[in-house]
Each structure stands twice: as structure tokens, then as C-alpha cells.
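The chain that follows stands alone, in the form predicted alone, written as C-alpha cells.
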């Protein structure tokens, strides 16, 4: 009996030794699986298209006749194909901009595509757009401006009922919508059914955003809601497409007001934030958000788009790039050309990870267990990671290359299902006289891409000096950029 007991205990001991240890304890604030999947899209597109396209305005006044909306060759599939070829995973359409003109035949207003010459009033641009997105494997999103310079009731409670009715139309008639976009422009001068006056609203109370957000989530529980204050995706604080050099995905929305939030706070996030809200960097490929013929020569170059990419996706945010269709109803050839070359440029720069399959070592790895081995940062698997024992600072990861290698881009990623942790790091390379520091940084998050002067070395070292919890990294990549990135 005694021998049986000893054998049983031995088996238990061996099982304990071979069983994999649990994951690290996550931070108090972590993203939902839905938001992780959302951020993994990285690059998405915006389609600004309405009566403004035909009046050559950015903001319509609301007095435009529906009859001016008459694209000669509207091709929503060209929009989707262009986005797909560029690597975008989602498109968002301005279903209604501030002018109040609706791109679907809303039963609640006559200021709509149903009273335009497009398809003799039988067209539904929203429906066609969603179908094209589905056909080409893109997520579909919609923008419904809270401000309406056409509607006679704007500024009264009756308008809120109207707004919710239109949300219900959009979120019940077209299948799954992945994102709804709430703009911060609210109140001012407008047509307002012929009143031609200025109407101001209290941004804090007028819309009743908590109720509207609950209403939207009830209609589509998996939808992501964008605004200054989220609750899922938040504005980055500018329309240049740049996240802050320090950028936290955590933020505190208690003091944020849609349309009146502090832009520097939105641009940096908050290491003590109480909500995880993905940062979204919106920018147009042209100076304007809508198409203007006089901007055909002012389309951002592939190099400018690459710079924006590094300052958005490369700073732990998602990039929303606007592609405004012209009066024909197609994305202009100049825009397509620049976008295509941008995609080729980024692909050329980031296609080959020079560190993959090389050797990683560390000054510490958790429990000396393979689950937390530094080599996990080079295996190309986003589900594995290196982690240290608790309170190890600096935490040092060293990449040894089989031969001297030239690179000028460094990608680092944290396993964000555990939260965002790192707040200070330095990168060193080995030279003829030993280690030298080539870059210092702060936050990493989902993805950080660092641009550095080209170096040639056989060893790279990442030293993490500050973090809010145990250090963990899921990927390190070294890349040599395309020479075309520097052409202008």
C-alpha cells in the first residue's frame, strides 16, 4: 500500500512538472477578442460621396436639390476592388453627411437618393455598397452624421427620434455592419427646412449618446462604434493620420464629449485609462474629404502614405484612409495609382523579416519554461510570446544573426490579450566597439514599427526599462526598406 501511494505521488509530481504553466496574469484593462480582431485589420478605407461631390463643397449647407446627385458611371465594385487590392479590410461609407442627403431611400425624409436622377430614383447606394463589400470580402461600415443641416427639426427632441429611426433603417436592412461612425461636427448654421439660421446644441446632453449607443448595440451587438469617446474605437485627435509617438490603447472616457474632447489626450491615450478603446487615425488621400477636380494633382504620394502608415499602424493605431469618388462615381485614376504604389512599397519594405528563424536569448525568461522562451519572438506565431519573471528590469532580449545584416526598420509587438505594458525601451546594436544605442521609445502595444538609419550588424538588443506589469513580447522583426520609400 505504501509503495502504491509513493508511485501515485510520483505520478502527480511528474504531471505537475510537465504540465504547461498558465498564461501571465492579464492587466486589469484588456481588449475584447472583438477589438483585437478589429485592430488586426490595420488598414481600412473611407468613402466620402454625396451631393458635395457635385457642388464642389466640403460641407453642404442642406439646401441642395436631390437632383444634383447624378453620377454618370457609379461603380461601387470599383471602390471595393481598389480597397481590396490596397490591403484594406473594411470600407466605411458616408450614408449621410452634414448636408442631410441620404444615400439610401429613407422613408423618413425626401432629401434622399430616391428623389435623384440616379437609377430614376430607384437606386440605393448604401445597399449596393454593402453588397460590393461582401462580394470582395471586406467589412462594411457606415457614417451617419449626427448633425443635419437640412432637417427642419434639428436642435429639438423630434430630430433625435428621426436620427434613431435612420439608424434603425441602416442597421436592420443591410445585414451585418461592422462599424458605425459618429462625427464630432454638431450644430451651427444651416438650411433647416428653410429656416436658414444658426442652431446650437448642448453637446453633452442633446443626443443622449448613452441611449443611442445602447440602441445601436441592441440592433447589432457585434458592431464597433466610433466617436471621440468610443466606446469601441476613438478618434486620434487630428485628421493627419498620426497617432502620438507615445500611444496607449487605454483611455478614460468619463470626461470626453463627442465633438469637444481634448485632442492631445486622444492622441496619446492614457496609461491609467479605465477602458480599452482602439485608436483610429483618419486622413484623406487628398487635401479634401470629398472629390474636387482641382485637387487631382494634389493626391498624396506613395511616400507620404507610407509615412502616415508608420505613424498610425506603426504606432499602435489603425489607419482609416479616405478615397473620395469623383462625379462619375469612381475613385479617380490618380488616387488608385498612388494607393497601388503605396501598397507595393510597404509590401517591399516589410515582406521579409530578417530576424525570423535566427537566435533569440534573454537575461531572463519566466520559469525557464519553453512557453515563455525568447525564441518565441522569432517564430512567426502571434499566439506565442517571451515573458520574464515578475519585476525583472531591465528585461533584455538579444537577437543573434548568422551573419552581418543590414536593416532600417524594426517591428515590435506585445501580446495585447494580456494588456498593454511597456512604457520605456531602448534598442542597441553591436558594433566594432561594442553595444551602442540607436533608438529609444516608449509605448509598443499591438504593433510598433521604428524607422532608423540603416545599420549593419550581427546582434540587436532590446532593453525594456519600464512597464506596468511583467514584460512580454510576441514578435520582433527586422526589415530593410525599399529604396523607393525615400523617393519624392
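Predicted, not measured: the structure shown is a model, and the values here were computed from it. Residue numbers count along the first chain shown, from 1.
Unshown form predicted in complex with a small molecule; subsequent notes refer to it.
*Asks:* So if I measure heavy atom distances to the small molecule in the predicted bound form, which of the stretches 43-51, 431-439, 29-37, 456-464 falls within 4.5 Å?
*Replies:* Partner-contacting stretch among the options: 43-51.
*Asks:* If you check 151, 366, 332, 98 against the small molecule in the predicted bound form, which one has a heavy atom within 4.5 Å?
*Replies:* Looking at 151, 366, 332, 98 one by one, just 98 meets the 4.5 Å heavy-atom criterion.
*Asks:* Counting any non-hydrogen atom inside 4.5 Å, which residue from 191, 291, 181, 163 sits next to the small molecule in the predicted bound form?
*Replies:* Result of the distance check: 181.
*Asks:* Closest heavy atom of residue 245 to the small molecule in the predicted bound form, within 4.5 Å or not?
*Replies:* Close contact is absent here: in the predicted bound form, residue 245 is far from the small molecule, nothing within 4.5 Å, heavy atoms only.
*Asks:* Check residue 59 for me: does it contact the small molecule in the predicted bound form (non-hydrogen atoms, 4.5 angstroms)?
*Replies:* Residue 59 belongs to the contact set for the small molecule.
*Asks:* Classify residue 143 as contacting or not contacting the small molecule in the predicted bound form by the rule of any non-hydrogen atom within 4.5 angstroms, answering yes or no.
*Replies:* Contact check for residue 143: yes, within 4.5 Å of the small molecule in the predicted bound form.
*Asks:* Quick check on residue 239: any heavy atom within 4.5 Å of the small molecule in the predicted bound form?
*Replies:* Residue 239: yes, in contact with the small molecule in the predicted bound form.
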